[in-house]
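The chain below stands alone and is given in C-alpha cells; this is the form predicted alone.
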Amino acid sequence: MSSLVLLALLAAPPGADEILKRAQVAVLGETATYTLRMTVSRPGKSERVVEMKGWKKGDDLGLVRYTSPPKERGTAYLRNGGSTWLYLPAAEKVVRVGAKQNFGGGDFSNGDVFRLSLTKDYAATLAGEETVDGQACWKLELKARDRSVAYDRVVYWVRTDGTFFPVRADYYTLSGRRLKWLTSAEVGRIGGRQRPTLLTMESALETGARTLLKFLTIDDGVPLDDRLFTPSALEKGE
C-alpha cells in the first residue's frame, strides 16, 4: 500500500453510523445514574425549575424521578421499550403517556429525555463538515426509519476532534417544518470524564421558549436491576 493511500485512509472520517453511535454515549454512557436540573423558560412567565434523579440502562430502559420542588417530589417518568409511563404521587396513579409528548411541560419530549437510540430510529448519512458554534463538526442527516419516530428528519452536528461530542441538532416534521433545536455546551469533567453538561432545547414555534437540562452528577457504568424499570416500581420510589 502506498503512503498516499495510507494517508487517505487515515484521514477518512468514520462512517455516519459510527459517528452517531459515539455521539450518543458522549454525554451519558450505556448505563448511568445521574442528577440534573431542568429550567423551563417562557416569555413573560417565571422560570420553572425542577431537580431530578435519573437512571439509564441501554437504549430501552430509563427512569427519571423528581426530587424538588417539594410539591412535585416523587413524580416519575418511566421508559421501558416502546412504552412510557408517568407516576403522579398526589393521585397515586400511573398513566401511560406518549414518547412525543412534552416532558414536564418543557421543550424536550419524553423520547428526547430518555435518549432513545438514534441509530435504531434513523438512517444516517454524512453530509459533510461545517463549523458550528466555533467547533469543527461532521454534519449528519438523519431520516426516520418509520413514522412512529418523533421527528421525520434530524440534522445533527458532532465534533470532529475525536471527542464525538454532539454540538447541535435540528428537528423537522414530515412537512419539512423545523420544530426546535438542541445545543450541547459547558464541557466539563463530571463523573470521571469530560463531557457536555448543559443541553438546551429551543422552540422554533414560540420565540423565547427554551428548556435547559443541566447535569449535576453522573455515574457511568453502575449495575442496575431491570426490576427498577417497571410500572409497579414507580410507586415504590427509588
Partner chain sequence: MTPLLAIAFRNLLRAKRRTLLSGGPMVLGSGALVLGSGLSDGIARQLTDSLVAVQTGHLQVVARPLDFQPQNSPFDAYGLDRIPGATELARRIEREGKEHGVVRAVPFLYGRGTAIAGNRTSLASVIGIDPAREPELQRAQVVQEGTFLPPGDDTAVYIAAPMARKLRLSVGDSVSFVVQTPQGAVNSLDAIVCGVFRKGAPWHDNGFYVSLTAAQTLFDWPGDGTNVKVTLADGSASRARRLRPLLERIAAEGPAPDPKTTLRVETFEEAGRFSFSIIQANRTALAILSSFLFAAAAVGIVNALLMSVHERTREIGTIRALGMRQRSVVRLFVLEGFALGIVSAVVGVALGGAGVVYLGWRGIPMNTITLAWMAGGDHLYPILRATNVLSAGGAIALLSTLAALYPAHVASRLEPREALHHV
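Positions refer to the first chain, counted from 1. These numbers come from a predicted model, not from an experiment.
Below: the form predicted together with its partner chain, not depicted.
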Picking from Tyr151, Phe108, Tyr87, Trp138, the single residue whose non-hydrogen atoms come within 4.5 angstroms of its partner chain in the predicted complex is Tyr151
Identify, from the list Ser68, Thr173, Ser46, Gln194, the residue with a heavy atom within 4.5 Å of its partner chain in the predicted complex. Thr173
Counting only heavy atoms and a 4.5 Å cutoff, which of 184-192, 60-68, 32-40, 202-210 contacts its partner chain in the predicted complex? 202-210
Can you tell me whether Ala26 touches its partner chain? I mean in the predicted complex, with a 4.5 angstroms heavy atom cut-off. no
Using a 4.5 Å heavy atom cut-off, state whether Leu198 contacts its partner chain in the predicted complex. no
